[in-house]
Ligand SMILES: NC(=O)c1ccc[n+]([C@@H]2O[C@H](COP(=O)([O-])OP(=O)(O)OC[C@H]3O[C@@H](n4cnc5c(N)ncnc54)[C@H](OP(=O)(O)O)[C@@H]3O)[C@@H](O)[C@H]2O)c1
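Just one chain is shown here, as structure tokens, and it is the form predicted on its own.
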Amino acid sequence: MDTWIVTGGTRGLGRAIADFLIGSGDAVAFCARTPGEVARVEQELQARGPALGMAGSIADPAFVRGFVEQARTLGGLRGLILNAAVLPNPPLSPVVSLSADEVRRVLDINLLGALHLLQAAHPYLIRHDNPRVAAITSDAAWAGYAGWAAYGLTKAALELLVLTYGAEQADVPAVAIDPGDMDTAMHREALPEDDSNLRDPRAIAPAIAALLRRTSGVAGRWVFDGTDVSREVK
């Protein structure tokens, strides 16, 4: 049985991806920071298939190592989906007002947490005959949106980290996926008055899973349009 690691798996897109993978017959190991939410989601997923949840911060290398060791007990590690991310406090700040401490905190989770996971999961990913690594990113990584510097710079660095890993590991295709603006707690935290037509993460998860399961032509940057069709960004 294939096992997928999904970070930030209790809410939003992470939860939607975990739900879809479980429903498709795969095993899912997920992590998030809130113990109560992790326990609840683990119970809900286990009612449908093999699942394991652990509460902790991916900024902690020791937690990450223990999490990956537990994840591999579910079966062969097929993929790593780096979805967990945080915003600074306050969520949107102009560059001239950014707190260096907040930028470091966001980097610790959004970037260094991904690095810890890549390093811990790598020995097991390369044992699989068709592994995948995916980073959930944002167009804030490519464009200078006012107020989004701290978040955007971490996503830009995350993309480069994951795509460079993929360039170094010919047998582990790596992708950076921009799912577009979604109806999530993070989006509402940043833009509480946004009443635009936001995407439902549950409508995007199947397309992401389909992309990651392709047998070829996977690596690179991708965005998802309103019809859930993937489009590669050259």
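Residue indices: 1-based, along the sequence shown. All values reported here derive from a predicted model rather than from experimental measurement.
Another form exists, predicted in complex with this ligand; not displayed. Remarks below refer to it.
At a distance threshold of 4.5 angstroms between non-hydrogen atoms, residue 212 is out of contact with this ligand in the model of the complex.
At a distance threshold of 4.5 angstroms between non-hydrogen atoms, residue 44 is out of contact with this ligand in the model of the complex. Contact annotation for residue 182: at least one heavy atom lies within 4.5 Å of this ligand in the model of the complex. The closest heavy atom approach of residue 22 to this ligand in the model of the complex falls outside 4.5 Å. The single contact residue among 71, 162, 85, 121, judged by any heavy atom lying within 4.5 Å of this ligand in the model of the complex, is 85. The contact with this ligand in the model of the complex, taken as any heavy atom within 4.5 Å, belongs to 56 out of 206, 61, 50, 56. Residues 31, 32, 33, 34 are the members of 15-54 with a non-hydrogen atom no more than 4.5 angstroms from this ligand in the model of the complex.
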